[in-house]
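One chain is shown next in structure tokens, namely the form predicted on its own.
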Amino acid sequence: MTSQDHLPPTRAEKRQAKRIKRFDNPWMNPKLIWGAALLLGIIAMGIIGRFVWDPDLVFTGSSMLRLPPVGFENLRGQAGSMANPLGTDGGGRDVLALIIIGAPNTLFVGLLASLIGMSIGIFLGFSAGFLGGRTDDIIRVSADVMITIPPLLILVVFQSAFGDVSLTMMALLIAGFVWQSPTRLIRAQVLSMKQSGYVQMAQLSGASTSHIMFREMMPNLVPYLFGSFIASVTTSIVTAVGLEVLGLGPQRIPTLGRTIYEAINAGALIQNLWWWWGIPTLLLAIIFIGLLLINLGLDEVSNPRLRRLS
């Protein structure tokens, strides 16, 4: 044994060891972990916050009007207090209570709409790509036609006609416009996988069509499906917030978009009530950053060339 055997590992050896460890489990990349942590933090805030903070402060008149956050003063010289640490809005509602309830509601709409849209997209995409023929033609043309229709315009007309809707109904409406992209993506992937050896072997063994599509092929598309799902969540939340900022969507249920609409409608920008619209906007930014990080992390999982040492 030489003296070199007792030398500490060099920097290059440490980087190589780190690379090997990183590639052993690509799902444990920093982008994916940080993105998931941000979204789980929003969800935890909605669950735990209801127990540590009074949710009744979300009702109009529950506190003084237009109080600033702690450490700030409003135009009338009133200072913030710990009774309302993030201030209050023009109706006397506590901003902290609004985001505790509103942020998970906004995330709920995006997740539910995307879950429904992805379920439709998975079924149609696999059917079009694997079955082919007239089935493929009908699904492909339907997706191409629907993807050209501006969803926000249709939803504005619908909700203007029917008035107040629930969070679930809003998610169902948005889901009708987020299934096209997953359908096209999955169809393209299935077309390239259909000629694979393991698929042909499954066909020769007499496996059913549903078994081949969802038991043999679908596991290989998991990273792509997750990536498409995250993209759909982002689109759904943007669509929902867009409707709410226009004054549509749920009228009596706190959401981040509804809070921003009420702030703009009440002249919060002119009155320098920045906490009324700024804090919900910051929460939306955190949600979008979390979704972006998850999407980038999933890209590293599905494409080894994108993996880099942190």
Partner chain sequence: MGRIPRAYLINRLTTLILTVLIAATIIWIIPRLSPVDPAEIALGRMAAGAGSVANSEEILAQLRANMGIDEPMLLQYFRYITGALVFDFGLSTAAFPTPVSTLILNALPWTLGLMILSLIITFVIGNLLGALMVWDRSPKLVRVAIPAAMVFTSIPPILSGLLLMWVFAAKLQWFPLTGAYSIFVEPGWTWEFVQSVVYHGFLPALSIVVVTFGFWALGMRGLMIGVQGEDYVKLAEAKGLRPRYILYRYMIRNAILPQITAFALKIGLLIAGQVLVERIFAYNGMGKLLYDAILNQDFPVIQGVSFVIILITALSVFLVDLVYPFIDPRIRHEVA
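Given the structure is predicted, the values throughout are model-derived calculations rather than measurements. Residue numbers count along the first chain shown, from 1.
Just so you know, the form predicted together with the partner chain exists too; it's not on screen, but the next bit is about it.
Tell me, yes or no, whether Trp34 is in contact with the partner chain in the predicted complex, where a contact means a heavy atom of each within 4.5 Å.
Outside the cut-off, so no.
Residue-level question: is Ser192 within 4.5 Å of the partner chain in the predicted complex, judged on heavy atoms?
Heavy-atom contact with the partner chain at 4.5 Å: absent for Ser192.
Please run the contact check for Ile264 against the partner chain in the predicted complex: heavy atoms, 4.5 angstroms, yes or no?
Although the partner chain is absent here, Ile264 would touch it in the predicted complex, with heavy atoms inside 4.5 Å.
Contact between Trp274 and the partner chain in the predicted complex at 4.5 Å, heavy atoms?
Heavy-atom contact with the partner chain at 4.5 Å: present for Trp274.
Please determine, with the chain shown alone, which of 82 to 90, 101 to 109, 114 to 122, 139 to 147 has non-hydrogen atoms within 4.5 Å of the partner chain in the predicted complex.
Going through the listed ranges, the match is 139 to 147.
Which residue, Met64, Met28, Ile48, Leu269, has a heavy atom that falls within 4.5 Å of the partner chain in the predicted complex?
Answer to the contact question: Leu269.
Decide if the three candidate residues Leu39, Ala44 and Ala175 all line the partner chain in the predicted complex, where lining means a heavy atom within 4.5 Å.
Looking in the predicted complex, the three residues Leu39, Ala44 and Ala175 all stay beyond 4.5 Å of the partner chain (heavy atoms).
Go through 160 to 184 residue by residue and record those having a heavy atom within 4.5 Å of the partner chain in the predicted complex; state none if no residue qualifies.
In sequence order, Ser160, Ala161, Phe162, Arg184 come within 4.5 Å of the partner.
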